[in-house]
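Okay, here we've got a single chain as structure tokens, the form predicted alone, with questions on binding and movement later.
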């Protein structure tokens, strides 16, 4: 395989601990946020810096073994292990959205058994995007607003909250543009996701500057590669993305819960809580929000057709029930539409296996 001769140097991204320390020095608080959907703007209006916890990978998961079943996904196991090992000491509060039964169970374990030093704030997401679901989520955000006021001993005005929402909508629009421009960016697949996933922890101004720097990169015409759509929850271990590059493929679009499914549109309502709910529920179809499988299938086919992708790679975390429930129907629908797919199942603590790499290589050779 020929190397990427047009790859650009990466903008520097500060470490999470350094960002947290600087935010604390300015008098702010830090929230450790579990996956997947939550109101960033609401936290920032209270001076809280959200830092997302997607596992993390390479954690001694044995610490969680006494509290969680062995068939719970490694995102949840690792998060609890990381917490109990002191890895979340930089956080002042923990937010646990109900993205799945395992994450809801983790919230219960934290509240009823672990009792961490930080306040634990659960967040329940509707499984219905209809008007009732939007109203329910707006009420959840109002309740979270009240809890945050109790924790921080301050209450932002409605105008301050609306301004935080508008600022986040600017960042969301920039993120969408970065995704749309990816075919001409001088970045490897690994580097692209390294940069866009900085949205998970960067302060707003820092991410806006980073996104604008990415968009300002000169467009390049990269050597021909095999275009694919990547679906799943989170692209960990990230070495899988290096394997994609090395095998001569390119992720031209994604349906990842941590990325493509969070390209939120701007809300419409003048009520800040309704506007937040409209935006979050306006994202791409998502198994963790109970979206109909047909909607997910139509979305995947639309991504593939609009980008010229030749296949879909489902990169799934083991025991992820929402994804595994949809998977057979999705793959059958893609096959019937003439679009090949493959499933690669991983644990966040495992390196990319030779078997997984071989299967991916064979799949890419088939669709090349």
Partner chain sequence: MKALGDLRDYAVARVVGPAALRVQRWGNQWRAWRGSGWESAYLAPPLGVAVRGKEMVARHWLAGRYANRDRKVAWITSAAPVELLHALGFFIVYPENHGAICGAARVAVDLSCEAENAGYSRDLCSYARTDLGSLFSGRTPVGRLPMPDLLFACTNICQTVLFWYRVLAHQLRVPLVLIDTPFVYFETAPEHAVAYVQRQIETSVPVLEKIAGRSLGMAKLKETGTLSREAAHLWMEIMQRNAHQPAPISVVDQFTLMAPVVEMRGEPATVDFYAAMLREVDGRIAEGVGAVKDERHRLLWDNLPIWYRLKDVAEMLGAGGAALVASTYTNAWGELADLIDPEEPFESMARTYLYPILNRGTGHKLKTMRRMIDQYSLDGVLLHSDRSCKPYSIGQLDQRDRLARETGVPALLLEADHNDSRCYSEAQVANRVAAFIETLER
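Computed from a predicted structure; not experimentally measured. Numbering follows the first chain given and starts at 1.
Although it is not shown, the form predicted together with its partner chain is what the next lines describe.
Student: So which of 136, 82, 190, 207 reaches within 4.5 angstroms of its partner chain in the model of the complex, heavy atom to heavy atom?
Tutor: The residue from 136, 82, 190, 207 that makes the contact is 136.
Student: With its partner chain left out of view, choose which of 122, 227, 260, 116 has a non-hydrogen atom within 4.5 angstroms of it in the model of the complex.
Tutor: Checked against the cut-off, the match is 122.
Student: Counting only heavy atoms and a 4.5 Å cutoff, which of 249 to 257, 108 to 116, 235 to 243, 262 to 270 contacts its partner chain in the model of the complex?
Tutor: Residues of 108 to 116 come within 4.5 Å of the partner.
Student: Do residue 46 and its partner chain share at least one heavy atom pair within 4.5 Å in the model of the complex?
Tutor: Heavy-atom contact with its partner chain at 4.5 Å: absent for residue 46.
Student: According to a 4.5 angstroms non-hydrogen atom cut-off, is residue 93 in contact with its partner chain in the model of the complex?
Tutor: No.
Student: Taking its partner chain as it sits in the model of the complex, is residue 87 near enough to touch it, meaning that at least one heavy atom pair lies within 4.5 angstroms?
Tutor: Close contact is absent here: in the model of the complex, residue 87 is far from its partner chain, nothing within 4.5 Å, heavy atoms only.
Student: For residue 293, is any heavy atom within 4.5 Å of its partner chain in the model of the complex, or not?
Tutor: Close contact exists here: in the model of the complex, residue 293 approaches its partner chain to within 4.5 Å, heavy atoms only.
Student: I have 72, 98 and 325 flagged as a candidate spot, so tell me whether each of them has a non-hydrogen atom within 4.5 Å of its partner chain in the model of the complex.
Tutor: Yes, the whole trio is in contact, each within 4.5 Å by some heavy atom.
Student: Hey, which residues along 317 to 353 are within 4.5 angstroms of its partner chain in the model of the complex, non-hydrogen atoms only?
Tutor: Residues within 4.5 Å: 318, 319, 321, 322, 324, 325, 328, 329, 332, 345.
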